[in-house]
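The data below hold one chain only, encoded as structure tokens and taken in the form predicted alone.
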């Protein structure tokens, strides 16, 4: 009997640099309209992982914490695709998403990386990739990837192949 269900993947990283490298591998696989939800306590490395995703995807400028602006748009090196990096820490609930234009972002062909996604879960579509992050030790982090929907199951399969060489 498998330990994980279909559509799940667990990994442990041993440094911030390794978390960023895994993020970069995921970023290379993203397609327009993808939604990546990052959850976890303060200090789990959500922004480091998101920065890696942006780098792998091809953002012209490195992703940084959007805590004060809440939303940072990033353009792709090669085309006009936009990646939106959202930080929902200061939002109280899904009702607050109007203030950041979430519906417009999700209705576009843009990619969305959402930190503190658990705060606005009710406003998010069912189909998405959810990444739950936890601190294990000072430099070690646990990542649990959960795919919701066929596209995200394929994304996890491709991500697993990219980091482990197996599907």
Partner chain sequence: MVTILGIESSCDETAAAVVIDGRIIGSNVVASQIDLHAEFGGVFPEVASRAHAEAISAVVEQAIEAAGVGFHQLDAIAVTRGPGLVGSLLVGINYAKGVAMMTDKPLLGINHLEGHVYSLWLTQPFREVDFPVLVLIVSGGHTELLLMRNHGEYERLGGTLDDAAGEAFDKVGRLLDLPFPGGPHIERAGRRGNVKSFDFPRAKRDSSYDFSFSGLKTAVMREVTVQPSAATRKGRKKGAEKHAQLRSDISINDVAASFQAAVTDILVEKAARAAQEYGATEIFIAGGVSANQMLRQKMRQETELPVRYPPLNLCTDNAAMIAAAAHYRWEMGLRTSLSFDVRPMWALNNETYHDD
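Since the structure is predicted, the reported quantities are computational estimates derived from the model, not experimental observations. Numbering follows the first chain given and starts at 1.
FYI, the form predicted in complex with the partner chain isn't displayed, but the following is about it.
Every member of the trio 43, 73 and 92 reaches the partner chain in the predicted complex with some non-hydrogen atom inside 4.5 Å. Although the partner is absent from this view, residue 103 stays clear of the partner chain in the predicted complex, with no non-hydrogen atom inside 4.5 angstroms. Although the partner is absent here, residue 30 lies well away from the partner chain in the predicted complex, with no heavy atom inside 4.5 Å.
Taking the partner from elsewhere, residue 55 is found to have every heavy atom lying beyond 4.5 Å of the partner chain in the predicted complex. Taking non-hydrogen atoms only, residue 110 never approaches the partner chain to within 4.5 angstroms in the predicted complex. For the partner-free chain shown, 91, 92, 95, 96, 98, 99, 100, 118, 119, 121 of 91-121 come within 4.5 angstroms of the partner chain in the predicted complex, judged by any non-hydrogen atom.
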